[in-house]
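First, one chain by itself in structure tokens, the form predicted on its own.
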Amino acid sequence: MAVTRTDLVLADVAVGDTVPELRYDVTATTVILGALATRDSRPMHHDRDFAQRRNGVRDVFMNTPNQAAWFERFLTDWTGPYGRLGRMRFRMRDSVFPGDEMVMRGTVTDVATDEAGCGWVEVDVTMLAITEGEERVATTCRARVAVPVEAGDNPWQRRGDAWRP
């Protein structure tokens, strides 16, 4: 599991840095609770028989909002409580199933301060699904996250013109 920081500031981050890896063993409960939490009642996320027969996949699979939550967790475990997600785009390429080990890896691609003085870090993230030693790229993501420019700065306090994600 990743360790949440409380002291990360923009000067601590450079292009090419890697975000500490997050590994998680996905279970049916992980998939189903994610669907329930997002009020997604589509059966391919909770009914194995439906997923196999109607969708032709091996099991129930993680839905889109559940994956989005895992990306946000991955990033905020790294940035700490002052990291504030500004933007996120991701592309699902393969499914994440119970029995997979989900592995998230990220690399910093840009570090900048905007006109309002907000510190931004762009990160490319890859979500892998590993089944019996075989790695698949499940989803790729590009995220922009605000981090404190210095100690005492808090991106969560930014509003209006001071917050331009």
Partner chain sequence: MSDLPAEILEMVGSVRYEEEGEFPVERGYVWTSCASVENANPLFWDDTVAAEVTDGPIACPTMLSLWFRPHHWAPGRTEAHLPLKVHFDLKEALGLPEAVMTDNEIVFHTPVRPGDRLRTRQVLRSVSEEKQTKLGVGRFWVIDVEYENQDGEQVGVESYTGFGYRREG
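Every value quoted in this text rests on a predicted model; they were computed, and no experiment measured them. Numbering follows the first chain given and starts at 1.
The discussion below concerns the form predicted together with its partner chain, not included here.
> Give me the residue from Thr126, Thr109, Thr131, Thr64 that has a heavy atom within 4.5 Å of its partner chain in the predicted bound form.
Of the candidates Thr126, Thr109, Thr131, Thr64, Thr64 is the one lying within 4.5 Å of its partner chain in the predicted bound form.
> With the cut-off set at 4.5 Å between non-hydrogen atoms, does Leu33 touch its partner chain in the predicted bound form?
Yes, Leu33 is a contact residue.
> Would you classify Asp59 as touching its partner chain in the predicted bound form, given a 4.5 Å non-hydrogen atom cut-off?
Contact with its partner chain, no.
> So in the predicted bound form, is its partner chain close enough to Asp40 to count as touching (4.5 Å, heavy atoms)?
Output for Asp40 is yes: heavy atoms within 4.5 Å of its partner chain.
> If we define contact as a non-hydrogen atom of the residue within 4.5 angstroms of the partner, is Ala69 a contact of its partner chain in the predicted bound form?
So Ala69 counts as contacting its partner chain.
> Within 4.5 Å of its partner chain in the predicted bound form, counting any non-hydrogen atom, which residues from 140-165 show up?
Contacting residues: Asn154, Trp156, Gln157, Arg159, Trp163, Pro165.
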